[in-house]
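A single chain, nothing else alongside it, follows as structure tokens in the form predicted on its own.
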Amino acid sequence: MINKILIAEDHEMSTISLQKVLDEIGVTQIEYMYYCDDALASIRHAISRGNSFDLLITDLCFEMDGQEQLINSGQELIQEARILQPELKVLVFSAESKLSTIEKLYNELEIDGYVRKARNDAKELKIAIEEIEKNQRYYPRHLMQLLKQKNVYEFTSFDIAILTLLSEGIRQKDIPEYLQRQGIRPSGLSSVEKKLNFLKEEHKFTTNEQLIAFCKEYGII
């Protein structure tokens, strides 16, 4: 059972959403911390009293306000908290939407759930906590959709080289010269044009700009 929750969050509106959800599911043992250092200190103190937290809910980004902190991000807080309490459940509540960042949270930090700050986030928070309470990992629907789209096509090293050059502001007609310098083959302009046209058609885009934005969003480049 999840009876005691620690919330590390520095935005008041997000705290209101969390409070609403926790009231609905009947959790009454809640501590709120605005700084990561204070959150870690609370975890340490709770362990020493034999009354540890069941769940940590944390944002990823914390604004700097002049107060010196040893820990400045949710990622660092999760890492340090798990050192103190390896079995601690972790739910990330953040505005981050980049797929590569969210995947890293699951794969490297082994979080138990992720909810993006957006419309209807209160409803999703409730579902996430209920799943975590069942010892299940919670994967948000939008994340599963992104993963499905990302895995439809496997980007090659040649694709990534071209897209990276475009994202750096290199004009399409100049890309062959850069490919030749790096020893990448094929490097002809015709090959570059055909590849870009194929990628746009495959992902249903009409411009290179849309394709680049897509690849950045999913952490491909």
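Predicted, not measured: the structure shown is a model, and the values here were computed from it. Throughout, we count residues from 1 along the sequence that is shown. We call the rigid core whatever largest set of C-alpha positions still superposes within 1.5 Å between the two forms.
Same protein, other form: the form predicted in complex with the DNA, not shown, and the subject of what follows.
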Under a 4.5 angstroms heavy atom criterion, identify the one residue in D38, E31, E193, D159 near the DNA in the model of the complex. E193
K173 versus the DNA, in the model of the complex: is there a non-hydrogen atom within 4.5 Å? yes
I'd like to check something about S167: if you look in the model of the complex, is any of its heavy atoms closer than or equal to 4.5 Å to a heavy atom of the DNA? no
With the partner left out of view, is Q19 within 4.5 angstroms of the DNA in the model of the complex by any non-hydrogen atom? no
Since only the chain is shown here, I'm wondering whether N197 would be in contact with the DNA in the model of the complex (any heavy atom pair within 4.5 Å). yes
Which is the contacting stretch out of 61 to 69, 42 to 50, 22 to 30, 181 to 189, given heavy atoms within 4.5 Å of the DNA in the model of the complex? 181 to 189
CA of D65, rigid core aligned, shift of 2 Å or more between the shown form and the other one: no
For G169, state whether the C-alpha moves by 2 Å or more between the shown form and the other one after rigid core superposition. yes
Aligning on the core only, does the CA of L211 end up 2 angstroms or more away between the shown form and the other one? yes
Is the CA-CA spacing of L211 and Y106 tighter or wider in the model of the complex than here, given a 3 Å or more change? farther
